[in-house]
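Next up: a single chain in structure tokens, the form predicted on its own.
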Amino acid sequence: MTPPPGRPGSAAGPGERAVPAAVRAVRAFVAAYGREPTLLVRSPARVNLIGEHTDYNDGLCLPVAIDRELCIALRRTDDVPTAGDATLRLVSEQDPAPAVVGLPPPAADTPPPARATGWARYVQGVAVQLAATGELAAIGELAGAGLVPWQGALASDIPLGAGLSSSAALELAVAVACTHLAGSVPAPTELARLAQRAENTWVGAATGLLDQLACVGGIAGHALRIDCRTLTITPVPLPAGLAVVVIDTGSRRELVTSAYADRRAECERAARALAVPALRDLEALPADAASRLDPVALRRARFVIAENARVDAVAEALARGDAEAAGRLLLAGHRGIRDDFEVSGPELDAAVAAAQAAPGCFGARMTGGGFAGCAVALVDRTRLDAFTAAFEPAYSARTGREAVLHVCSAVAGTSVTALR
């Protein structure tokens, strides 16, 4: 789940939004520490085209890493005797209080009251997992931890709380910074697993692996068909002329984590009742499903089974350049997640309806964990102006809100660049 508003992950103020996050991160580093950074880590947001809530059911999903990114400018501090004690220290343009993680980091079994709070939990959680797994035990300069102390500054263009995975982008950026400085190059899937463990066991959000895999494994110009059981990633080319438009509805929900955990438990209950390891193992509901499942579990299972099939159907449609077929499947996915999985919301439904009625739209659906945040639309790039002109007043008339439209490109995953 993404960090709540007021923490890292949202863009800077209006006067700064034309300045890329990478530039802002470097400026913030110099302002905070009085010297130049040596490395820049960039980590993208992701939008999921189809395959929602399937990842923790061992299923399929089809995300895209998009060109809204979080950046950390940094440099190691053990090369400067006066730099202070052994810590990871990260300042943010969104929060005056830095995230500071002492090295070695806390033990993995540290009780929640003794852990960092707010957005610093994500930073600390990644460090804890790196130390606990022994990923760097034989590398860095701190015995038993393998973590090299560093200072960093964070800037981000990812809207907070919108379901675009600002938390996963932060986790992967910190993980890549730590492993790079320690001289380690873990496989993308291992980095994703580590970041997921940080979110599950340290932050306490029962997320699947979709967000982390999409952020770290993105491929420019492609969506990613991810098999969440085998962790196989298959690139799916996006047709030329097709725009992926992320619609930030302006709605936010603070208390999503408990509802997310409820849906996960309901899916697990359905799998047990149907005697399968996970709902992924079913291509259709058995004939006696209604007698074996309570009504809620039945709806959840029906959605997950249909959603897995839609992932392959959308991937095939995109690969053959059939945007109309892909769009119809997105609309079917939205109906399913609204009616059977019950995690849509009024603003999300209004955004999908307004998008579908606008010129040039092939299809739309809510995206992310649900209840609020963003929808995604597939739009003919040559008709973007007409789409925007029709969508904005229609959505405002339905909701009294103003949406923000992000026309996105598919980009590469989390990476690190030397600045000098």
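None of the values given here were measured: they were computed from a predicted structure. Sequential numbering from 1, following the sequence displayed.
This protein has a second form, the form predicted together with a small molecule, left out of what is shown; the following refers to that one.
- Look at 119-127, 269-277, 103-111, 339-347: in the model of the complex, residues with non-hydrogen atoms within 4.5 angstroms of the small molecule sit in 119-127.
- The closest non-hydrogen atom of residue 163 lies within 4.5 Å of the small molecule in the model of the complex.
- Although the partner is absent from this view, residue 307 stays clear of the small molecule in the model of the complex, with no non-hydrogen atom inside 4.5 angstroms.
- Using a 4.5 angstroms threshold between heavy atoms, residue 248 stays clear of the small molecule in the model of the complex.
- Looking at residue 88, you'd find every heavy atom of it more than 4.5 angstroms from the small molecule in the model of the complex.
- Among the residues 149, 217, 159, 146, the one placing a heavy atom within 4.5 Å of the small molecule in the model of the complex is 159.
- For the residues 74, 192, 170, 314, the 4.5 Å heavy atom test against the small molecule in the model of the complex is passed only by 170.
- Although the partner is absent from the chain shown here, none of 322, 358 and 388 has a heavy atom within 4.5 Å of the small molecule in the model of the complex.
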